[in-house]
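Here's a solo chain for you in structure tokens, the form predicted on its own.
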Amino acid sequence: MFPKNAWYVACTPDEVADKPLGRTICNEAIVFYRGHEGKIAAVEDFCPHRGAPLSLGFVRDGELVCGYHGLVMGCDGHTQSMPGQRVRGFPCNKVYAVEERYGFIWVWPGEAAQADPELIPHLEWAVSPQWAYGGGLYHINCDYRLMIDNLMDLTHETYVHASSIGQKEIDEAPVSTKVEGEMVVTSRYMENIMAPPFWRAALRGNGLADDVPVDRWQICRFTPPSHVLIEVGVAHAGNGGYEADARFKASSIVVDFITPETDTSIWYFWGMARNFKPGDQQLTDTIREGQGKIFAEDLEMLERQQQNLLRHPERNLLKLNIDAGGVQSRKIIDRWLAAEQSALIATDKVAAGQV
């Protein structure tokens, strides 16, 4: 259903600041915590003594202590000690490759030996002082691919987000989809239109008039396993649109990291990075609040869509030109899944002495 040998956003640093965090990712129950010298660690969320979740325990001197009977679990998955007991022979817990980078904690749910930190996507907006970022987290009961479909076809904005970012011109503008290696790019450009409420507020936030015609753009980029970054913005019409000088526009990157929890639920890390007035914390908070409300509008639609699909698994869904971004993204995911399955079969044959 989802590739496991890939980097996913697991959590944010504040979620593990004071205590362990238990989180299911790709059907793997994992506990995240700060080990020795504050380095992030991740092991199977299962105490080998009585099966209690280790995430209900606590960290002491960089070691994870089970909250049931005090078993101490090492970052290497080996049981270290337990009051009054000999536990060194306990089976080893699964250990997960984990990295802290760009303000997120990333996890590789598959084979830790295959995890290459260089495969974590580079996020320039997360390291440059010319950018500001604000975001949040939603738990949504839907297949992660439904969220990818949602983000790669922004036609729904006209209807789901009519009071904020939606407008009829989105429906009327042609959409273009192309595949660049393992990236899918869907783009839409609108010229000489009036900005919707969210973008009027953004224009004002950047010190620009909000009651004049603008050019608007949406450029959605999917990269596997489930990341979607969307360049969005408006510029005063007649100044070059997407290529307009910063003096005439308000533009941002919508950040969407979609992490599967189970086959039908996700952790959705959302946010917006902007390169205008990066030091204005009040503006960051205002944009975060507005964007949070926008994404909350998707939540019910996606969850009800998932329920319908589970209720009618035999139904074939229509595919239109506006669906091309999601369709192409799924093709890339399917290739990743097929490659992962082939590698697993080959490994099993080697282990069985068949090759």
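The first residue of the shown sequence is 1; numbering continues from there. Only a predicted model underlies this, so the values are computations on that prediction, with no experimental measurement involved.
Not on display, but discussed next: the form predicted together with another copy of the chain.
By the heavy atom within 4.5 Å rule, which residue out of 95, 232, 193, 146 makes contact with another copy of the chain in the predicted bound form?
By the 4.5 Å criterion, the partner-contacting residue is 146.
Pick from 208-216, 178-186, 154-162, 99-107: which stretch has non-hydrogen atoms within 4.5 Å of another copy of the chain in the predicted bound form?
Selected range: 154-162.
Contact of residue 300 with another copy of the chain in the predicted bound form (heavy atom, 4.5 Å):
Contact with another copy of the chain, yes.
Look up in the predicted bound form whether residue 288 has a non-hydrogen atom within 4.5 angstroms of another copy of the chain, and give yes or no.
Result no; residue 288 lies far from another copy of the chain in the predicted bound form.
At 4.5 Å between heavy atoms, is residue 63 in contact with another copy of the chain in the predicted bound form?
It does not: once another copy of the chain is placed as it appears in the predicted bound form, residue 63 has no heavy atom within 4.5 Å of it.
Going by a heavy atom distance of 4.5 Å, is residue 295 a contact of another copy of the chain in the predicted bound form?
No - in the predicted bound form, heavy atoms of residue 295 and another copy of the chain never come within 4.5 Å of each other.
Can you name the residues of 274-312 that have a non-hydrogen atom within 4.5 angstroms of another copy of the chain in the predicted bound form?
Stretch hits, in order: 300, 301, 302, 304, 305, 308, 309, 311, 312.
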